[in-house]
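Presented below, as structure tokens, is a lone chain in the form predicted alone.
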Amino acid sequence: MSKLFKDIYDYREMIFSLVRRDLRGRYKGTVLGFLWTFVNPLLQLLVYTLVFSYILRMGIDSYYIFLIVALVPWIFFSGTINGGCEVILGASNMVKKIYFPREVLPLAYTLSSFVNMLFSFIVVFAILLFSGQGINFVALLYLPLIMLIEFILALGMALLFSAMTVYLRDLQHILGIVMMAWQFLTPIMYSEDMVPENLRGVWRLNPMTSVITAYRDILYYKQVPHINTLTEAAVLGILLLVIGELVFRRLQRNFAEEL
């Protein structure tokens, strides 16, 4: 693991270059360009708010705020997995011809998605301020921590699925369905107390449950996240990162042959 960190540090310029290229090319050729960073979460917010406030009637105060503070982190996580699973395939020429730590590719993609999420949080803070919801600045101190934990979790998943997709190309299509189901199994559109008591033990095995709960504690309920929530998120995030790296390291040996 120490060698991996050293390799990543040695190739930091390559990582930054890949991040810049991905950010520039993400909306290249579109009419709105970089504005899609803000328009995308706002459009999703509008649709979900309409459905769950006026049709299904969740009965949650300021539902649009309840939703947006969870939706933006979810967009980052799901986007990292859906797009990250293809990064090795998309860089097949580099992988076959140039030596570099292969982990650079999913790491760079996760970083670019993370930067995109940071820009999207401009929308979140604007809604919090202009709605009168306000911000608890003590609780806000914990926001970088939960963002880091989510980044670690997303990177672990990107490592895992980017390596597996090289051998199972159908996985990139399967993940689209999996992520749709995963979204509904995560407390994004609903609150935790709506989950039946007898299912909560299994439900909390979802690593994004504690992450979304922490975001909502900080930004919606304006309170410091419970230590158990942070601990669960950190443990699951680190565990999945280790699993992702172990699987990636084992599978990368035959990347060139498979590509």
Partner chain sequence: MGINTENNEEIAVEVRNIRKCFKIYADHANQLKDRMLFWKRNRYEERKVLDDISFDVKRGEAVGLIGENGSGKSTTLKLLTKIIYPDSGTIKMNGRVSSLIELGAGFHSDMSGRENIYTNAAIFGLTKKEIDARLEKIIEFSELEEFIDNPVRTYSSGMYMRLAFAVAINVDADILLIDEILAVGDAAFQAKCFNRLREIKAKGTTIVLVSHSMGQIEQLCDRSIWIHEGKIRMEGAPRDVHPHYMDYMADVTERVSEKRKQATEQENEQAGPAAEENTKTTTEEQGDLQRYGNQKAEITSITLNRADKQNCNTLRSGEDAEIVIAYKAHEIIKNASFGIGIFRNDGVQCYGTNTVIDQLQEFDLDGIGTMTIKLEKLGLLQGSYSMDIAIECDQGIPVDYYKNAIQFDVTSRINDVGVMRVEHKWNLETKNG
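Numbering follows the first chain given and starts at 1. The structure displayed is predicted, hence computed values, not measured ones.
The next section is about a form of this same protein that is not shown, the form predicted together with the partner chain.
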item: Selected contact from F184, F125, F119, F100, since only one has a non-hydrogen atom within 4.5 angstroms of the partner chain in the model of the complex; value: F100
item: Contact flag, V166 vs the partner chain in the model of the complex, heavy atom cut 4.5 Å; value: yes
item: Interface membership of V178, the partner chain in the model of the complex, 4.5 Å heavy atom rule; value: no
item: Distance check, I174 to the partner chain in the model of the complex, heavy atom within 4.5 Å; value: yes
item: 4.5 Å heavy atom contact, M189 to the partner chain in the model of the complex; value: no
item: Contact segment among 108 to 116, 149 to 157, 76 to 84, 166 to 174, judged by heavy atoms lying within 4.5 Å of the partner chain in the model of the complex; value: 166 to 174
